[in-house]
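Encoded as structure tokens, the following chain is the form predicted on its own, with no partner shown.
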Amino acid sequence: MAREAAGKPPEEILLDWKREQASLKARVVDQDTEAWQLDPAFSGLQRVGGVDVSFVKDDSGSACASLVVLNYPELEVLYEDCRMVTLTAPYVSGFLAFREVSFLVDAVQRLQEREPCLMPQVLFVDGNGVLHHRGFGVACHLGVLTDLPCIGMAKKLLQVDGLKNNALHKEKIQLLKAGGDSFPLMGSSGTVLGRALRSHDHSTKPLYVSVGHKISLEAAVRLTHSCCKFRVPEPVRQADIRSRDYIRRTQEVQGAPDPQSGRSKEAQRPKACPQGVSEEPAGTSKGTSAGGKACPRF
């Protein structure tokens, strides 16, 4: 999750960001665009990706941006890329993408250049999609810039358009009895912005799933559930674990080498790439970062 930084951009910068969000929002596709999305078993889906940004403890400007790709339905890690980055834009609620998304786009571009056979067919994003103040969260932003199907997945309810984490909302959560159960998040405008999903039988706290780009809400919810070994979808969980470990290992080494070298002992070996393409991953290993995240991601 994003960590709040001191300072706030001038009002003219925020206005520019709002204009850019509005312009890019016009390009969001909230319907299924791929054949595999229409299949009840997601036949044809072979690779799912997850992204995450983990922060160095007590340093809101230093972070590790990570991208992982897993096979589907096995959910084994095929590829990982971790990079230490310096964030210069402050965290402002509703504008997370302007702080983080460029580093995630770079990770996708590196994968496309080095291991195109491992490009994910869908990306899970630790943040909101159309469930957002202006209907254009970080999952939408990343989806439009990469032209990949994206799913927004948040662990806390973003209270917009009349949505409230009140007693009624908590009662609805209690009615989610099994993994896969969900209910719609309808705003005061009458628009369904996402769904609250019980992602696992043993998880009592829901996930808040919303459309990012090029996928319907129904398919996004079903796929999120199918990718959950635990509460959080495995692509995001692995991206988080590996980024945190990467930060820890980087901090342990004085004069640490280029973050593009080395792999964590715990990391799964990448699978062979088809058609004779090198199986060596393009990025670095990710593991557990020595930092935390505190703010809702949007």
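Start at 1 with the first residue shown and count on from there. This structure is a prediction, so every number in the text was calculated from the model and none was measured.
The same protein also has a form predicted in complex with the DNA, omitted here; what follows describes it.
With respect to the DNA in the model of the complex, the three residues 150, 224 and 238 uniformly fall beyond 4.5 angstroms at the level of their nearest heavy atom. The partner is not drawn, yet in the model of the complex one stretch among 107-115, 78-86, 126-134, 181-189 has residues with heavy atoms inside 4.5 Å of the DNA: 126-134. Although the partner is absent here, residue 57 lies within 4.5 Å of the DNA in the model of the complex, judged by heavy atoms. None of the heavy atoms of residue 206 is located within 4.5 Å of the DNA in the model of the complex. Although the partner is absent from this view, residue 156 contacts the DNA in the model of the complex, with a non-hydrogen atom inside 4.5 angstroms. With a 4.5 Å cutoff on heavy atoms, residue 220 does not count as touching the DNA in the model of the complex; it lies far away.
In the model of the complex, 244 is the single residue of 233-247 with at least one heavy atom within 4.5 Å of the DNA.
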